[in-house]
Structure formats: C-alpha cells, structure tokens
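Single chain ahead, by itself, as structure tokens, in the form predicted on its own.
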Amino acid sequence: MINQLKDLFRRRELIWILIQRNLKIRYKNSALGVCWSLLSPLFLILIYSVFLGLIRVPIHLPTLVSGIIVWQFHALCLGDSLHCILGNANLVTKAAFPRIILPLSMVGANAVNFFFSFLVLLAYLLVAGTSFGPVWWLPLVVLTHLALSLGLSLIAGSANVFFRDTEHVLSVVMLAWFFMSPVIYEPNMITEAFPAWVQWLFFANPMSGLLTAYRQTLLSHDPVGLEYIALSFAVCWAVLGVGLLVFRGAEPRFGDEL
C-alpha cells in the first residue's frame, strides 16, 4: 500500500493531466465551460426557492439544497465510474501505468466540480443567515466522502468491464439508495420513530452518516449520536478497502476484456 501511494505521488502530474482532461470532456463545446460548476448549484437553489415558495411545502430549504448538492457529487462519481476503464481502453491496453489512476482522476475531476458547488452552497448559507456548526469537522467529512466515492468507483468501474449490465443495475440501485438516504428529509424522522436496531441499520448506510455530518457542520442541526455517524464513516473507509482489493484483483484481466 505504501509503495502504491509513493508510485501515485510520483505520477501526480499524470493524475492532474487526466483530471484536466476529464473536466474538458465534461464541458466540451460549452460556451461557459467550468462556470457551469458555479451556475448549476445557483440555478438549483433558485428553482427550489421559487417552487417551494409557490406550493408552500414546509421544507427547510438549506437542508434540502445541501443534501442534493452532496448527493449529486456521489451520483456523478458512480455514474462516471462505469466508463473510467471502458472509456480508456486504448490507455489500458497500450500504456504502462497504475490503472487506479483512471478512477482516481475521475473522482478528482468531480471533486473539483463539487468544490465550486460547495462554494455556492456556503455563499447561500451565509446570505440565508444560517448558523454554522463545528466547521473544523468539515475536512474529515469531505475526506471520508471522497473515500466512499473512490471505493465505490473502483468496484463499479471494475464490475462494468466484466458485466456490461452493471450500468442498468446501478441506475436502479441509485434510485433506491436516494430514498433510503436522508437527502430530502432529515434523519430524525428515523431516529425518533423507530427502535434502536432500525437506527443502526439506517446509519449502516454510509450516506446517512455523511449527509448528517455535513448538515451538523453547515447548518448546526440537532446532533445525532456520534456512534451512528462513526458507524457510517467506518463503512465508508471499509468500502474503500474493499474497492482497492476488488480493483487489484481485477486489474490484470482488464486487457483481456477490452
């Protein structure tokens, strides 16, 4: 593991080049280019503000917007992971480099988009007069989020090389996962209504703890027990470990399948 990290560090310029390439591909032929990373969350906030104001639904807008922006990063990473190996068949079969750089650079490119979206979210929360929570916790939350996204991307990207139905299965899984996670609702709907074993099961979903941690940090929400968030974070890092093992086992056979 240490040697692999050293190898990735030596190839950091290649990783950055691939991140830039992924960003250029995303905004190819776009007049505004990377500015859409700022405009998309801004339009999202405006649309939800107008829509919720018209139908008068008692939903806390900062809670909803923060949940959707966090989920979008997660969903983009998983969606792009399906083609991070398949879409780079020429590189995989003809060049010698650690293949993990491909999903890593994909997550990095989406992290750049997420960074700009997060800046818009922070500006909106400041304008809305939101009380921030323990912001010093934010780096750990983001790092854990990146670990989960990379781990799942390694698994999904590897699986799609061998099983081309992975894309269709993932679309169904992501829809179910969205509603099983507190994206458009708050976790207290679960913690206050169900027994302890259901709460533990709910926070075994890593996105439950991540979304809760983001909101406690950004919105100063009523705290959920740290033991629940710790469970979600442990699952995130475990997923990264499993993803590394799956990718390492599948990597030697990529060339035969592409």
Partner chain sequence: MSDALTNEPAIVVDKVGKAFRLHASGTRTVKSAMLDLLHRRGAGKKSFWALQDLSFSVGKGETLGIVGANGAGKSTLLSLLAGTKVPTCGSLHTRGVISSLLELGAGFHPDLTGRENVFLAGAIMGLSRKQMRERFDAIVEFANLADFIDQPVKHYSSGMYVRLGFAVSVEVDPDILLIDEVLAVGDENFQKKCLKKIAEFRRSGKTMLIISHDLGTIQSISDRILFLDQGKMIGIGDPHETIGGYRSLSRSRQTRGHEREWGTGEARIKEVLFENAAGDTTDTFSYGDSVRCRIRYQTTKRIEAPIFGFSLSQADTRLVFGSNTQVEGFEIDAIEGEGELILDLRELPVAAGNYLFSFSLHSADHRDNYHRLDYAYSITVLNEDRFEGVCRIPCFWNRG
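Predicted, not measured: the structure shown is a model, and the values here were computed from it. Residue numbers count along the first chain shown, from 1.
Just so you know, the form predicted in complex with its partner chain exists too; it's not on screen, but the next bit is about it.
Between 159 to 167, 172 to 180, 128 to 136, 75 to 83, the stretch whose residues reach within 4.5 angstroms of its partner chain in the model of the complex through a non-hydrogen atom is 159 to 167.
Checked against its partner chain in the model of the complex, the candidates 184, 119, 91, 143 yield a single residue with a heavy atom inside 4.5 Å, and that residue is 91. Among residues of the shown chain, residue 95 is one whose heavy atoms approach its partner chain to within 4.5 Å in the model of the complex. Although the partner is absent from this view, residue 248 stays clear of its partner chain in the model of the complex, with no non-hydrogen atom inside 4.5 angstroms. By the criterion of a heavy atom within 4.5 Å, residue 236 is excluded from the residues contacting its partner chain in the model of the complex.
Of the heavy atoms in residue 253, some are within 4.5 Å of its partner chain in the model of the complex. Using a 4.5 Å cut-off on any heavy atom, none of the residues of 116 to 153 reaches its partner chain in the model of the complex.
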